[in-house]
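Shown below, as structure tokens, is a lone chain in the form predicted on its own; questions about how it binds or moves come after it.
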Amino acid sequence: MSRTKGDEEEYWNSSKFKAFTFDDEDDELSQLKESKRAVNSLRDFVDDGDDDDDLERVNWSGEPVGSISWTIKETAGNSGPTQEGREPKNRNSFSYGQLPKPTSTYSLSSFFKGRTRLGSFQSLSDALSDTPAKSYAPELGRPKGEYRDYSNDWSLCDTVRRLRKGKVCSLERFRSLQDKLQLLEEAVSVHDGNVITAVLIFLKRTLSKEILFRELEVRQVALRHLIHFLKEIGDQKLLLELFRFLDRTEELALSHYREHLTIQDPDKRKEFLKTCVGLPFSAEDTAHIQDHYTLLERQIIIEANDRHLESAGQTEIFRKHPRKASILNMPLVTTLFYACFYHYSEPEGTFSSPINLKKTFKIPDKQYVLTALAARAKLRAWHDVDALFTTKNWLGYTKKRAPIGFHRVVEILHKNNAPVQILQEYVNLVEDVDMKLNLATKFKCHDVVIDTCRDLKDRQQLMAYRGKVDKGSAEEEKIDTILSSPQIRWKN
């Protein structure tokens, strides 16, 4: 249909498109063409991967290539149906995938919907069309910087330096024995235990045991690190072989003895300890091993007997105070406390007698009295506590004596809520006057404080203490009687 000249002018003036002019610098079509040429020039930079190893590669969405989110999107994109006629991608070459169509029709990304089969860009009309297109992120090669730690030929010094910084560094390039030993010496020279251990793990994996032991025998620093490492990881077999090679019999025996910790069954552990008694320990260690075996043997007997008594329910001590745990594999002091708590009055001939344990394992008097006091005070057996400190001389006179000091006896008794009368009795037995006053004041043993101040003839201290007792109490009356006595010559 033909149009008049007026109609054409009206059409061009009313259209949202402008007429094409060469002088219009703001023309959007010229901007798009210029953008296309600029983007084409980017290919030279993207394809040149040799000089950009230190730059982080990103896809067109701004996410680093190889990141988790990029991998998920790429996998999701590739899992969809393949377009007809699409050629498979070459993973070693760069390609531009089709990207989602943005909101703006004239955006730069609209030119990057993909290449044609021959590798040329789509036409402007195709780029501006509404044909749906599948999105693909560009597959970029892995930067060479990621391979440097594995492929480059690092020197000994550089390798150790990188290990000290915690960087990944392959040690597989050190293949000869000489290179491996030089690497170990370089690691020892920097005095870094982590580096030494890392190199020793590599040598342990790549050298035979005979060669490794032979070379470490003359390198004591590295040898100590290896022994500590084997103990930490629990490689008991290799540790025994190492001690056997070095002819270190005592350490070999101690290392063998440690294996009892892995045996849970008491009877099997006892039999294992029996085999350890004859190992080449020092004289002191041999006595400890023998005591350990004897103690476990006693514990097995005591445990079986007490379990039977407790289940029968006929023994008063087990009814009032049920056992909270088994006695098996407990330390000697715990076993002594257990015996003083449940078997205190048993004759010396029984295995569970505290006196029998004391003599068998040569427990010192201080340790025995301290343990027995704690056990009997917990049961509030004050008669046993009194008998524990009562001794007779050759004339038959009784006297109280405490190898641990009566001040400690008072503290243990107070901790177990002993009555004031019993506390006062033992506070009075403290020889040091100042300590006696402090304990009596702390535990409110009023009679002891009043009598001590009277004996010291300290009027001021007695008057000061009068304000600490209850008004109208027997203690206040006693203080008033002493203060008004004309027979006492006060010092102050």
Partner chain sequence: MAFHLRPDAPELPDFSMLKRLARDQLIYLLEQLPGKKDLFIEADLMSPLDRIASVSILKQHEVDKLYKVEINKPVLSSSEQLCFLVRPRIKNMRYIAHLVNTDKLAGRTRKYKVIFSPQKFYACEMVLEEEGIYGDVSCDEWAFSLLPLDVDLLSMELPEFFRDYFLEGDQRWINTVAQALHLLSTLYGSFPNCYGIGRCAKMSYELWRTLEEEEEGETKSRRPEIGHIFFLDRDMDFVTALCSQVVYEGLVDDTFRIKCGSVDFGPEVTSSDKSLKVLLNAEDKVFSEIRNEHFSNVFGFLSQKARNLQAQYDRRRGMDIKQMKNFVSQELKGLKQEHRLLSLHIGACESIMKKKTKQDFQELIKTEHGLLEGFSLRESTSYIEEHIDRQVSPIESLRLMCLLSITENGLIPKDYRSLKTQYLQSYGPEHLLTFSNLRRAGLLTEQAPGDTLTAMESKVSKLVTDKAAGKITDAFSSLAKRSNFRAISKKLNLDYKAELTLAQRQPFAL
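Positions refer to the first chain, counted from 1. Quantities reported herein were computed from a predicted structural model and do not represent experimental measurements.
Beyond the structure shown, there is the form predicted in complex with its partner chain, which is absent from this document and is the topic of what follows.
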item: Candidate stretches 305-313, 283-291, 343-351, 172-180 - the one whose heavy atoms come within 4.5 Å of its partner chain in the predicted bound form; value: 283-291
item: Heavy atom distance at most 4.5 Å to its partner chain in the predicted bound form, all of L212, K274 and N356; value: no
item: Heavy atom within 4.5 Å of its partner chain in the predicted bound form - residue from Q421, T262, N417, Q220; value: Q220
item: Contact residue in the predicted bound form, chosen from K400, R244, R323, R162 - any heavy atom within 4.5 Å of its partner chain; value: R162
item: Non-hydrogen atom contact D267 with its partner chain in the predicted bound form at 4.5 angstroms; value: no
item: is_contact(T390, its partner chain) in the predicted bound form, heavy atom dist at most 4.5 Å; value: no
item: Contact test in the predicted bound form: Y338 vs its partner chain, heavy atoms, 4.5 Å; value: no
item: 4.5 Å heavy atom contact, H225 and its partner chain in the predicted bound form; value: yes
item: Residues in 332-366 close to its partner chain in the predicted bound form, defined by a heavy atom within 4.5 Å, in order; value: L332, V333, T334, F361, P364, K366
